[in-house]
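A single chain comes next, written as structure tokens; it is the form predicted alone.
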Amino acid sequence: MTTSSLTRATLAKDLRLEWRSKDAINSMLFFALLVVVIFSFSFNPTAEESRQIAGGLVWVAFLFAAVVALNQTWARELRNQVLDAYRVSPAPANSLFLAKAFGNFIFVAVLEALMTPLFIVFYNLRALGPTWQLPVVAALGTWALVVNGTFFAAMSIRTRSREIMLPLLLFPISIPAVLAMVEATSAILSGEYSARPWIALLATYDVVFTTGCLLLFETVLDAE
């Protein structure tokens, strides 16, 4: 089997398991909903203020909610030694990594699609800049979170405190991406400045870290 066919097979398996259990989606939705409600009562922003802080609130909510799904990425593979079986198989390691990353991307994208209307309602949001740039920022930003999150989740899966270790590894290295996501989103919502430099930074970040994760994942997979 080729890398692409193995990636599709693993991705389809993960999607079927999530469809049956809905563990990751339900956990992320509950967490993100709490963040939206708590922030709305804490800030009670006007329309002008909401455009200034919404970029940060949206991505902070998605970042913390995504960690819930990322922590479960490799936990299923530890059951019945599935991950160990994959390690000794001739299947390329990158097919497993890409399947997990694409799966997490789909889960977080579904979360964003469900939660965005709530953010719009609670914070009375309206884009004054180019609206078409928002899906681009969402796609690039989501990939930036999940590609590193999937990689570091694999690194921390065998540690005792993997729920704590993953945020400790992921959050510091995600600071440039989070900054670019927040600034780009705020620029589009406010219309006060161009989001293109931040979108370019996000795209560069994605290329660099996706390449690095693909090059290093086999080493992480084979490590004890």
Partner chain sequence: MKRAFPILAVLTAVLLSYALYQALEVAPTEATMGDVQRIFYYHVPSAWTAFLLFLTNFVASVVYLIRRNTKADIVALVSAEVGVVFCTVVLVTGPIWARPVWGIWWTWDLRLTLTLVLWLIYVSYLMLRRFSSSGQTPLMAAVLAVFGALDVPLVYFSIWYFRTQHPSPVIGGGGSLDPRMGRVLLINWAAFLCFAVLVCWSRYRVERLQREVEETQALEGLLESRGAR
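Bear in mind that the values here come from a model prediction, so they are computed numbers and not experimental data. Numbering follows the first chain given and starts at 1.
Although not depicted, the form predicted together with the partner chain is the subject of the following passage.
By the criterion of a heavy atom within 4.5 Å, residue 151 is counted among the residues contacting the partner chain in the predicted bound form. For the chain shown alone, residue 197 is a contact residue for the partner chain in the predicted bound form, at least one non-hydrogen atom being within 4.5 angstroms. A residue is said to contact a partner when one of its heavy atoms sits within 4.5 Å of a partner heavy atom; residue 176 meets this definition for the partner chain in the predicted bound form.
Within this chain, residue 15 is remote from the site of the partner chain in the predicted bound form, having no heavy atom within 4.5 Å. Every residue of the trio 158, 165 and 205 has some heavy atom no more than 4.5 Å from the partner chain in the predicted bound form. Residues of 199-220 lying near the partner chain in the predicted bound form, listed in sequence order, are 201, 204, 205, 208, 209, 212, 213, 216, 219, 220, the criterion being any heavy atom within 4.5 Å.
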